[in-house]
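Shown next as structure tokens: one chain only, the form predicted alone.
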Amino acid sequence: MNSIGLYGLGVMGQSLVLNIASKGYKIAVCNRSKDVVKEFKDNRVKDLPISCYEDIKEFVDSLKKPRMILIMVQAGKAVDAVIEQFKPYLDEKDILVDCGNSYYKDTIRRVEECKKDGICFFGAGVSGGEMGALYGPSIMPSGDKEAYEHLKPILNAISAKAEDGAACCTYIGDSGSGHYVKMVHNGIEYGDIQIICEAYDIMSRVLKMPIDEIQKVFDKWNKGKLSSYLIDITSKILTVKDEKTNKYLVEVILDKAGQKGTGKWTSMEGLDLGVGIPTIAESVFARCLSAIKDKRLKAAALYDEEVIMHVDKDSLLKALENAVYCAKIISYAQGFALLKEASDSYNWDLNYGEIAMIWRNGCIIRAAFLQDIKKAYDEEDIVDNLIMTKHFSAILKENIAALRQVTIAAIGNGVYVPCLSSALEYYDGYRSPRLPANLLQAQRDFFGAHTYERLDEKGSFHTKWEEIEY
């Protein structure tokens, strides 16, 4: 009998199967296309404890009870179709685990639907791409806590390991919380990537640095406080030459970014819960703007304004590292603030320090300073926002001037820096004792009688702002 099954032999699915089998677990695999099963069996199984099935019933019957089946198919209707395929062959307390990038509300719905048949449905965020799936991803499982005990040994075994040997996998919470945390992870990832790209653009367009010089800066950053997977791969990307042109490959890649929707979901969730996450949202809008390349070329021809503000290269380059660090802290703070509001709203009781810990390896946003986030949550009883903690507030106080300097230099030279500037604006807004929302409330009351609150008296008030003639 097989210990676990996996349905869906796409790139991620195949990598995860090989990971599980390499840890000594007997695993059954199945796929909608029989040709894919045959090809996988002929080319990748070798001597590993992997059993391949073309028939769903035979696949399910090969599993120990309670059966545990990982689903690795495209998010959306495909997940629902697979669940319906399995239901006739499953027993009570069998476990289905959706390891794709599903929308958390779909996961919540599927949990309730499967519960009616006695089936335990899990939503597990899995981060790390193909290589992570093969060698160890960060895993964010959520569902019935008692049923999780069956999954825990396998998920811990196949997950990435931090430097201290801890598994980058922990029980997140009930229902769709695992996919929610993965969604926010991806939102933070969007912001992180855009911040790095803006730093690259400033070095290229404001400081006129050649690619090899920019590469050395990123390589240096990766050895210090900005040490992270994304800084590391950026440094490596900037060493690669294009065989056709002998230019650096990054110089011949079209400046038109794609996206799969998780950043958009995160931004929408911020709006739904009333949590300001402007840096994450701006990173999504930056991709949207990049996508209209043809329109941008027309605008460039129309608005051929030359914007030049002279800067000191050494001073700005030194400030840039600190500016990126500040923006990164503020972006992560927004993501964790969203997690807090979601935990309170959906009664998930999320453990923010543990979430930071499982992002230390395997996932895309792994970075050295995640350990500092865990420490901040350990040292302070209540954390409303990471920028208010002792550790991170000290960093921001010391370095926020660098973020101002860099943002001013970029804007002064006409360079688009939505994430660096929005991070600064978020900081300034969050620390402002008074915002112009008093005028905003007066405006709303004027045109819509929406009422307003006063500083000196409790309650809701309405003013007849002008005489209306009928």
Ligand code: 6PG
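Predicted model only: the values in this text are computed from it and were never measured. The numbering used is simple: start at 1 and walk along the sequence shown.
One more form of this protein should be noted, the form predicted together with the ligand, which is absent from this view; the next part is about it.
In the predicted complex, none of the heavy atoms of residue 85 sits within 4.5 Å of a heavy atom of the ligand. Although the partner is absent from this view, residue 364 contacts the ligand in the predicted complex, with a non-hydrogen atom inside 4.5 angstroms.
Although the partner is absent here, residue 269 lies well away from the ligand in the predicted complex, with no heavy atom inside 4.5 Å. At a distance threshold of 4.5 angstroms between non-hydrogen atoms, residue 287 is in contact with the ligand in the predicted complex. This chain appears without its partner; in the predicted complex, the one residue of 190, 121, 180, 332 with a heavy atom within 4.5 Å of the ligand is 190. Site annotation in the predicted complex: the residue of 204, 235, 259, 343 reaching within 4.5 Å of the ligand with a heavy atom is 259.
Considering the ligand in the predicted complex, the lone stretch of 156-164, 206-214, 124-132, 316-324 in range is 124-132 [heavy atom distance within 4.5 Å].
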